[in-house]
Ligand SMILES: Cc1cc2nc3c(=O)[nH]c(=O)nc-3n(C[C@H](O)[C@H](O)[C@H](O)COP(=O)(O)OP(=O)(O)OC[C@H]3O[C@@H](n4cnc5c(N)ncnc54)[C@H](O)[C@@H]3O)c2cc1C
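Read the single chain below, which is given as structure tokens and is the form predicted on its own.
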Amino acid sequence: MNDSPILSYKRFKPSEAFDAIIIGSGLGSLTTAAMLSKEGKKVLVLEQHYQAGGYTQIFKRRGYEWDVGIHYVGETHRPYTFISKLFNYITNHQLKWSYMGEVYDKIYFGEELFELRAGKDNFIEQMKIYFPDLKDQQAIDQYVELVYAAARSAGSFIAEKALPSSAAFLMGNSLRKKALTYTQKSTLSVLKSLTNNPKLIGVLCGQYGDYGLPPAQSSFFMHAVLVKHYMNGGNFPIGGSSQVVETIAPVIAESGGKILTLAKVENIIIHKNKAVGVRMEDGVEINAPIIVSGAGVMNTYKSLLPSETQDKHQLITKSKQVKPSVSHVCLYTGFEQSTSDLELKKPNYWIYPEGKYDHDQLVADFNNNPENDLPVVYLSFPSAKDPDWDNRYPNKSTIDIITMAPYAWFAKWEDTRWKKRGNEYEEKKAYFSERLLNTMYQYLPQLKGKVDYHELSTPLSNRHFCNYAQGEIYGIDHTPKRFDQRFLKATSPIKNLFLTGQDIVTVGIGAALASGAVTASAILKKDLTKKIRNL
């Protein structure tokens, strides 16, 4: 029998007993699996696609490699942080990171440049250089204080999500109280309470694409957690995003666990309100005493459970209280020259139209007419961020170019097959590709005429590969209403069925990682996060 922890379900049908089955192989699932494995549990991870890793996976074309979900991660260069300790724990210290340097994000409004510098004091100092007015400087100080206060409230808010219903009823309100001060306000309302300078608000919200909602729609809690996450700079996995699953998989294998790809789960088997196994697409049933879904809350409750279970616990009604997050298009570009020859650097670019600081208006205008200004264009330079890149791909470079795009613009092709969607679809892709390339050339003119290969993903690509119904990149929208939903947690009303992934916490790599620890703690009924903090 093959000893690799990652196998194809087409070639390997599990016959042995497992302590837990996990649906999906995103970072939340992998973290849950690794932590259970560290506690001696034998875990089976089932991934419907040919590659494991969820948004941490890569894909290759024409001799290039692109990371689909990891563009930068905060805090992993600081060994005493929770995220750094947890990554080390679930990978046996095998996952290594490269620090992006003093500047991690560059925010452009036309030709106006605002750099975000690593370190709280550096961030504040740089912002005050850009905004020398005394009132603006006072607002900057107050803003950073609020960001840190909101981020501090996240720990107890997330901890409540691991509690069983009875304990949550007794303790939940006190654990959530501080965070609710920030979750129930929009980002824009908080910033407008500090300043009436639209440019300052626009700049401070320049990273909103990392969670997908412009300021008037997003919860300030989400905004603050994200900003704080990157306040000390960004990092990129050495060797590329594929190293995440490659370093976690051996830990799962240590306790006899497996990761199976091309293993689509048709539904979760429920007996007397207890999850007892899964039924595969080919009809095979695999049983285990613990079932975990990392497939997303809406996918789980709407698609993986029998209708009688849905009705009994009003799961469809609960699911209607939240809505999918933003969808996007991403142009993956490749160049037959090294990053040094092309003068590519590590910081990300956030590009907005000149003089237009109202992010909500830009998004609304674009959604109404795709020929209007692109509301944001994000440039990421993975080949420049990864110090191992040149060893794997000498004299080559890659850039990711991203903007938002409503799913509705592509919905007419949702019943067509990948790569066989027809000429009209390809024409729409070509239109967006050209606009994104032209934006890149405007800010990096040395690249004009040097693109060797490019390929555009759409919301339908995300739907196909990550199984999100509307191609959403961040799961559930991070509105104030989202954070009021008590059903978004690791435990479920079905005995022995647990949830993990960004839907139960917040968006992003750090949140998905934390969700895995929360879910493993809920399963084992002990606080594994305390163990990690004490490492």
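Being a predicted model, the structure only gives us computed values, none of them experimental. Residues carry their position along the shown sequence, with the first being 1.
Below, we refer to the form predicted together with the ligand, which is not included among the displayed structures.
Discussion item. Please identify, from 426-434, 439-447, 290-298, 214-222, the stretch that has a heavy atom within 4.5 Å of the ligand in the model of the complex.
Written reply: Result of the contact check: 290-298.
Worksheet entry | Triplet 17, 259 and 305 all within 4.5 Å of the ligand in the model of the complex via a heavy atom | Not a single listed residue reaches the ligand in the model of the complex, so no.
Worksheet item: Taking heavy atoms and a 4.5 Å cut-off, does residue 208 contact the ligand in the model of the complex?
Response: Taking the distances in the model of the complex, the answer for residue 208 is no, it never comes within 4.5 Å of the ligand.
Practice prompt. Flag residue 470 as yes or no: does it have a non-hydrogen atom within 4.5 angstroms of any non-hydrogen atom of the ligand in the model of the complex?
Written response: The answer is no: residue 470 has no heavy atom within 4.5 Å of the ligand.
Item to complete: Using a 4.5 Å heavy atom cut-off, state whether residue 86 contacts the ligand in the model of the complex.
Response: Contact with the ligand, no.
Worksheet entry | Residue contact check: residue 509 to the ligand in the model of the complex, 4.5 Å heavy atom | Yes, contact at 4.5 Å.
Fill in: Proximity to the ligand in the model of the complex, single hit among 490, 35, 43, 46 (heavy atom within 4.5 Å)
When the ligand is considered in the model of the complex, the option within 4.5 Å is 46.
Item to complete: Please pick, from 396, 228, 71, 176, the one residue with any non-hydrogen atom lying within 4.5 angstroms of the ligand in the model of the complex.
Response: Answer to the contact question: 71.
Worksheet item: Does anything in 466-504 come within 4.5 Å of the ligand in the model of the complex by heavy atoms, and if so which residues, in order?
Response: Sequence-ordered list: 466, 467, 468, 473, 474, 501, 502.
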